[in-house]
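One chain comes next, on its own, written as structure tokens: the form predicted alone.
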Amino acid sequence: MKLTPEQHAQFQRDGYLFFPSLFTPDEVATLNAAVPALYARREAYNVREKGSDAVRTNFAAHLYSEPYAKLARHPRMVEPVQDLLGEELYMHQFKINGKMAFEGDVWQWHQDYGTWKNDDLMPTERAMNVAIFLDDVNEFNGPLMFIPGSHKKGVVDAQHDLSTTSYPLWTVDNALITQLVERAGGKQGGIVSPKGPAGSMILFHSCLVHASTSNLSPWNRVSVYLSLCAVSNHIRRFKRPEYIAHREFDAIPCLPDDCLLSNVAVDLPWRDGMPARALETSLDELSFAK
């Protein structure tokens, strides 16, 4: 999936691209069918909402779920990022965020690269997220909010929020958010929120400041996120468990475009359970980075 010159220019200006209905209903149904069993597992890789049994984030499903192993290698998700970064990619993080009806909590204002830099020692922001909607996303069920152009600010000051939700983030303070929103247009476009049917896809820069509100509606808002990083830009520290920040830096080989609905074989290294090493962490900088 090759991007047009106009899409390249739009990404450089706004920091994101939106592709409504990029995946078909049948493809989305295949992915959705696997979610209940994944969320039912009592494993460390299922982070639940604070004070609730609802899953906030399921990590690393591409290592133990066949549909998500295929999605992790899907050309519609991998090739546009490779096109923008001009380099082969590895999977830094894979998650299924479940902002469930009535229970889905907020994600505070943050940059993803802030966490990757501070926790994982990722050298530069040559990485980005690709998100695909597994449910219809509307203004009521906690859609993503972006500050257009905020990626041009580079890495901004952030504080490590360990208390607001069940998942710690390096978050941006309200004063800076106010400045960034005003600079982006204030009430006339300073905050945008791509919405659309299940199967839509968003690609966004790792420095783009974003957030989402709680889901008070009766509709789930489940989305898959691939965090794709340039192979040369791999992380230099294993402070976080392997199920959160992956440690295999080989380039992703893309599967055929119809892989979600075909019998393409995929490797599932954690099919029989997450290995003990996936929980091991270290504050040491990796020796090959010296």
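When you see a residue number, it is the position in the sequence shown, counting from 1. Nothing here was measured: the structure is a model prediction, and the numbers come from that model.
A second form of this protein, the form predicted together with a small molecule, is not displayed here; the remarks below concern that form.
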Next item on the list: Given the small molecule in the model of the complex, answer whether the residues 91, 113 and 205 all have a heavy atom inside 4.5 Å of it.
Entry: no
Checklist line | Among 191-199, 83-91, 149-157, 97-105, the region lying within 4.5 Å of the small molecule in the model of the complex by heavy atom distance | finding: 97-105
Item checked: Contact residue in the model of the complex, chosen from 45, 64, 225, 39 - any heavy atom within 4.5 Å of the small molecule -> 225
Notebook entry, point to check: Of 132, 122, 127, 144, which one comes within 4.5 Å of the small molecule in the model of the complex, counting heavy atoms only?
Noted result: 144
Note to self: I'd like to check something about residue 74: if you look in the model of the complex, is any of its heavy atoms closer than or equal to 4.5 Å to a heavy atom of the small molecule?
What the structure shows: no
Margin query: Can you work out whether residue 212 and the small molecule are in contact in the model of the complex, taking contact to mean some heavy atom pair no more than 4.5 Å apart?
Written below: yes
Notebook entry, point to check: residue 70 near the small molecule in the model of the complex, any heavy atom under 4.5 Å?
Noted result: no
Checklist line | 4.5 Å heavy atom contact, residue 246 and the small molecule in the model of the complex | finding: no
